[in-house]
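Taking the form predicted on its own, here's one chain by itself in structure tokens.
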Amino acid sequence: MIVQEPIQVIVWDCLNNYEFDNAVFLAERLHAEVTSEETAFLLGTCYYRGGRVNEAHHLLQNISLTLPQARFLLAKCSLELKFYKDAELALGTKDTVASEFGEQAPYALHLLAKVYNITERRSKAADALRKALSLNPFMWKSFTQLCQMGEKVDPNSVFQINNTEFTFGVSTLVNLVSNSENISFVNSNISNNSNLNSNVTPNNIAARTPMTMSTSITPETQAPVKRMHSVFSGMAPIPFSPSFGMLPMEESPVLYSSTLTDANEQKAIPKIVNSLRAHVGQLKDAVFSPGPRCTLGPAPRRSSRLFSNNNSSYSVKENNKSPSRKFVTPKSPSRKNKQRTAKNIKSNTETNERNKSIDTTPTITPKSTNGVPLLNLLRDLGDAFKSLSFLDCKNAIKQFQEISPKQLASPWVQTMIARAHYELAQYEAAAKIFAEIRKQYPSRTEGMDIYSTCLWHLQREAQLSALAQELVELNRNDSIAWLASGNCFSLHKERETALKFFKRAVQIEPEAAYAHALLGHEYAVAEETDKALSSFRTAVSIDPRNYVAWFGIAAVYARQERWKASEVHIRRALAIHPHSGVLRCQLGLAQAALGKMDRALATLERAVSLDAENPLCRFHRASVLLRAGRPQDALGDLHHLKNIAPRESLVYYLLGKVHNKLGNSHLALMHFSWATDLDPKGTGAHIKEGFDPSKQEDTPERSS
């Protein structure tokens, strides 16, 4: 017969030390011996952490679940396996999650929001994410998902602690105090194990270790209590880990020490428990109070906490750290020592009175402001991320650069700054930041898909090829690696290979909207418009705020000369990214094609003012000015373009048309000749149009 609780502790110890195979083996032995929901949850946890999600789902799906932890694990497995209905049934509704899942409710709500979002119930998803943030303001992922959904969330109201709802990190201590009657150190002669609670989880393992370790693997052979403590005594907090207000301790109360006998341990526990009871309310307020750091009192010396015992008649040297020290019951004093003994008793009584007064101060000194700096940091990052999510990129860059130097140097913040430069079409600045991130963190892949697109715009074939090769060698199962490879072959004009790699990226990560958008653009360049539209529509169904996909749909309709549909879709893209000059250029072209010349010119003027360094905006404005019968005004933009892009054939072709309109035939022929020399296949067929007044339509402009 196997006693359940010690095996559970051993399994959790294996999980905490990443020994998943050993944890699975032991959990299977326990579940075979004691078939219950608790052991099934433990075995399912081992399966899930070991990457065996299907086995975990099958195990939990076939039993009736009442534990919230087991239901949460089943929902997580179901979501990964795309059984969305099973995940939603396991979690319940938004209104019941908070009451049924306790401290796990914020994470359950976040998981439920994922289900709602995938099944296109985005209003319910937003409500669930807001509720998760109200329960736990440290749910950063919930905040970012709300921003990406286009929800206007105020970081100043989100990243603050609501004492009425937020109890994360306190209940473990509260449970320890409320269950203190069950904590006891017992001798090796244990006759009854029926009162042991078998529900051991990482949340209560630290509080229950002193009790659980007094039991043994079998009832017949009992291990010594001290031996079990020597094996499982690693429950103290890591000394140099950041606490951020989550109950840091200057000195932890020692519930077991090898220098005490069992009788003395029994007497020491009530004093610790009473102290915890007296100050748990103060501790909760102190840990999560936004006020300045407050110290409730100096921590007592270790000797006064461990050895303040009225019945102890022996003395201990504080600095003696010998592990072999033993305490022997003192002999009865002789007559000549009676007077000395009486004085010692009186002295011990006074010492104990002083110790009692010290014990009225808590043994745990909470650093109450540790949570406040983290919330302040999240608030600053939240403001910047919100600006970036709503594509207010210039403001986002400014806000990111104002945070602390240590955080500013972190790769995530640098990636966000690079993304902001990319959205502003400042590809050179973005590529420079990405290159530095790549140099310092060669194993990091976040944002490398954007980096590859920047290199594609900058026409840097060697760097893009090296990046793609490194990412594929790093992880062939990462969609970002295949997106970079697709961009690389797209730059080399190898369309079939590029399409193959983009399809591979979509296959690895079907929910990646950016991958579908890039695949759609490659289909559009390959003149496969139906497949392009299908990919773009898939992208916007995954992420309705993916303006790249909306722009792609508008571009496809423009090539089909369906200008009204193109204008509708480009306006959808502009509603998401109103600061984009490229999108306004496309809108101006659609308006010009529909005969709205005044609106088109106003739109293009706005595009140039938003992005004066973008040559595409000036080119399109010159094109529309020519069509509006203002060739002289178009000359300024074209001469500027000739200076910054001297090898662009379309600029010379448009200059030839302008001079032809102005009657400068010799200049028109000269520019047409230059255009033909630069790109014979691209512009040669359009030279005759410059001399034919009936053919004044522009050539198909290149999309960026």
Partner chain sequence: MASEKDPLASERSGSVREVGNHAIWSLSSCKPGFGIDQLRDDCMDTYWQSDGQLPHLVNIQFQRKTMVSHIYIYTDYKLDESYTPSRISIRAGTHFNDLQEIEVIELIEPSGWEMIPIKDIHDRPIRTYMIQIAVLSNHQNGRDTHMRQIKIHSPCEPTSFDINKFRNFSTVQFQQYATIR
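Nothing here was measured: the structure is a model prediction, and the numbers come from that model. Numbering follows the first chain given and starts at 1. C-alpha atoms forming the largest set that superposes within 1.5 Å between two forms make up the rigid core.
What comes next is about the form predicted together with the partner chain, which is not displayed.
**Request:** Decide if the three candidate residues Val548, Leu616 and Asp679 all line the partner chain in the predicted complex, where lining means a heavy atom within 4.5 Å.
**Result:** The answer is yes; Val548, Leu616 and Asp679 each reach the partner chain.
**Asked** Is Leu650 close enough to touch the partner chain in the predicted complex, meaning at least one heavy atom pair within 4.5 Å?
**Response** Heavy-atom contact with the partner chain at 4.5 Å: present for Leu650.
**Item:** 4.5 Å heavy atom contact, Leu59 to the partner chain in the predicted complex
**Value:** Leu59 lies outside the contact set for the partner chain.
**Asked** Can you check whether Leu458 is within 4.5 Å of the partner chain in the predicted complex, heavy atom basis?
**Response** Leu458: contacts the partner chain in the predicted complex.
**Message:** Under a 4.5 Å heavy atom criterion, is Glu436 part of the interface with the partner chain in the predicted complex?
**Reply:** Because no heavy atom of Glu436 falls inside 4.5 Å of the partner chain in the predicted complex, the answer is no.
**Asked** Exactly one stretch in 35-43, 49-57, 65-73, 650-658 has heavy atoms within 4.5 Å of the partner chain in the predicted complex; which is it?
**Response** In short, 650-658.
**Prompt:** Among Glu567, Asp543, Asp392, Glu522, which has at least one heavy atom within 4.5 Å of the partner chain in the predicted complex?
**Reply:** For this set of options, the contacting one is Glu522.
**Request:** Name the single residue among Arg627, Lys124, Lys398, Lys596 that comes within 4.5 Å of the partner chain in the predicted complex, judging by heavy atoms.
**Result:** Contact residue from the list: Arg627.
**Residues in 581-595 with any heavy atom within 4.5 Å of the partner chain in the predicted complex** = In sequence order, Val582, Leu583, Leu589, Ala593 come within 4.5 Å of the partner.
**Asked** Honestly, after the rigid core fit, is Leu650 moving at least 2 Å at Cα between the shown form and the other one?
**Response** Yes.
**Message:** At a 2 Å cut-off on C-alpha positions, does Ala27 qualify as shifted between the shown form and the other one after fitting the rigid core?
**Reply:** Ala27 C-alpha, core-superposed: shift of less than 2 Å.
**Message:** So, superposing on the core, is the move of Phe672 at the CA at least 2 angstroms between the shown form and the other one?
**Reply:** Phe672 C-alpha, core-superposed: shift of 2 Å or more.
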